[in-house]
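Here's a solo chain for you in structure tokens, the form predicted alone.
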């Protein structure tokens, strides 16, 4: 195995979070190009179907992950059928945050039609939602967005990989209503 790839492997193994390629190169005191070559050698070594773990691009970085064909065995062994049991209210709140971020608590409540304080707190505790500053509006309410754990849990490299709202089984009138709320919220922030 490529000597630098072994060092990258060690860094990925000990890290609980995805690591950006440039950060890996910096940690190994090598150029970005050398790091990219070593990372490619590591990707080849951990190609799909070769080991029980593989390298995945997640949340703007690189990490080890359990291979899909081994995941059921891991879940059975650990007793973790689902890494996070999310109630319908939590899933709904998480979806609103993911699609509208950054979004305020009031905007979430407006879209959902109910208070979302408990749901936001529960999602923050799980690391799926995090505070991302304050809105530039009267009262400066907190803005919420998805966290790195959200991307990792759902296997996304970025929010851009979220499926378009149109793919869901909403009627055209429901999509238009959500779209108009999004535009209204965006216009309010722009003022």
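Positions refer to the first chain, counted from 1. Computed from a predicted model, the values in this text were never measured in an experiment.
The form predicted together with a further copy of the same chain exists for this protein as well; it is not shown, and the discussion that follows is about that form.
Student: Whether residue 67 contacts a further copy of the same chain in the predicted complex should be assessed with a 4.5 Å heavy atom distance threshold; does it?
Tutor: It does: once a further copy of the same chain is placed as it appears in the predicted complex, residue 67 has a heavy atom within 4.5 Å of it.
Student: Even though the partner isn't displayed, in the predicted complex is residue 159 close enough to a further copy of the same chain, meaning a heavy atom within 4.5 Å?
Tutor: Output for residue 159 is no: heavy atoms all beyond 4.5 Å of a further copy of the same chain.
Student: Although a further copy of the same chain is absent from this view, report whether residue 172 comes within 4.5 Å of it in the predicted complex, heavy atoms only.
Tutor: Residue 172: no, not in contact with a further copy of the same chain in the predicted complex.
Student: Using a 4.5 angstroms cut-off on non-hydrogen atoms, would residue 27 count as touching a further copy of the same chain in the predicted complex?
Tutor: Close contact exists here: in the predicted complex, residue 27 approaches a further copy of the same chain to within 4.5 Å, heavy atoms only.
Student: From first to last in sequence, which residues of 1 to 19 have any non-hydrogen atom within 4.5 angstroms of a further copy of the same chain in the predicted complex?
Tutor: Read in sequence order, the residues that approach a further copy of the same chain (within 4.5 Å, in the predicted complex) are 1, 6, 7, 9, 10, 11, 13, 14, 19.
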